[in-house]
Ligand SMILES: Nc1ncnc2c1ncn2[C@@H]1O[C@H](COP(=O)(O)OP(=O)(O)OP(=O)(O)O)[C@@H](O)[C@H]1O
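For reference, the chain that follows is the form predicted alone, supplied as structure tokens.
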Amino acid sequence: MQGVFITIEGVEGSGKSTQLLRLSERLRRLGLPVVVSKEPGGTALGRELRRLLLERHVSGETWCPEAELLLFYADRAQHLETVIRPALAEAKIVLVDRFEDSTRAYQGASGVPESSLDRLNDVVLRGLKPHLTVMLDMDPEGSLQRVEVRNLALGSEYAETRFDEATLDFHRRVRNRFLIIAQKHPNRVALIPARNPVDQVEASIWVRVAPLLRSAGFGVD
């Protein structure tokens, strides 16, 4: 039996965390071996990088896109070697909140050329790709309204707001890049409308996940 690698992608506020939790709980109820992680932040090093990448830069210094890009790939390199690859080698189901497609969408929208992304992909991923990517699609206008409500509920101590505060035009570019990725990779990417009710989104995800797990040898009804 081989491990299965599933990523969940989407714009801010599209419901990734909710659906990741629901999927992981469902798999655990079935008695399946699950590893749940995220990027950035899936390792001790990653948690330090996550603070740098997602919290507002109090210094006021503007980072060049390439500097930001390299930090994301530093997080990914450590994550792959210490979490993802070992779990797959142990025939586990690995669920990750954000991965390579987010880098392509967000850093691409920041102006990083595809050639730079391709080179770092070759160095860090070494050919590894998710077996399935669940891409939750939603218009940025609606998703950012969700983000505002969430951040207010979390209170002033919640600091991971740097990308939330980017312009609407930036978030539109990010969404467009996600849609292009889905169009290019229809066999890997399941594009799912995130505006639908939460239970309906969960059901749509399971329609794509269950056959994948069965084909990999996991007992799924």
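Nothing here was measured: the structure is a model prediction, and the numbers come from that model. Residue numbers run from 1 along the displayed sequence.
As for the form predicted in complex with the named molecule, it is not shown, yet the points below apply to it.
S.K.: Even though the partner isn't displayed, in the model of the complex is residue 98 close enough to the named molecule, meaning a heavy atom within 4.5 Å?
M.R.: Close contact exists here: in the model of the complex, residue 98 approaches the named molecule to within 4.5 Å, heavy atoms only.
S.K.: At the 4.5 Å heavy atom threshold, is residue 198 in contact with the named molecule in the model of the complex?
M.R.: Contact with the named molecule, yes.
S.K.: In the model of the complex, does residue 18 come within 4.5 Å of the named molecule, counting heavy atoms only?
M.R.: Yes, contact at 4.5 Å.
S.K.: Answer with yes or no whether residue 147 is in contact with the named molecule in the model of the complex, where contact means some heavy atom within 4.5 Å.
M.R.: Yes, residue 147 lies within 4.5 Å of the named molecule in the model of the complex.
S.K.: If you check 189, 194, 27, 174 against the named molecule in the model of the complex, which one has a heavy atom within 4.5 Å?
M.R.: Selected option: 194.
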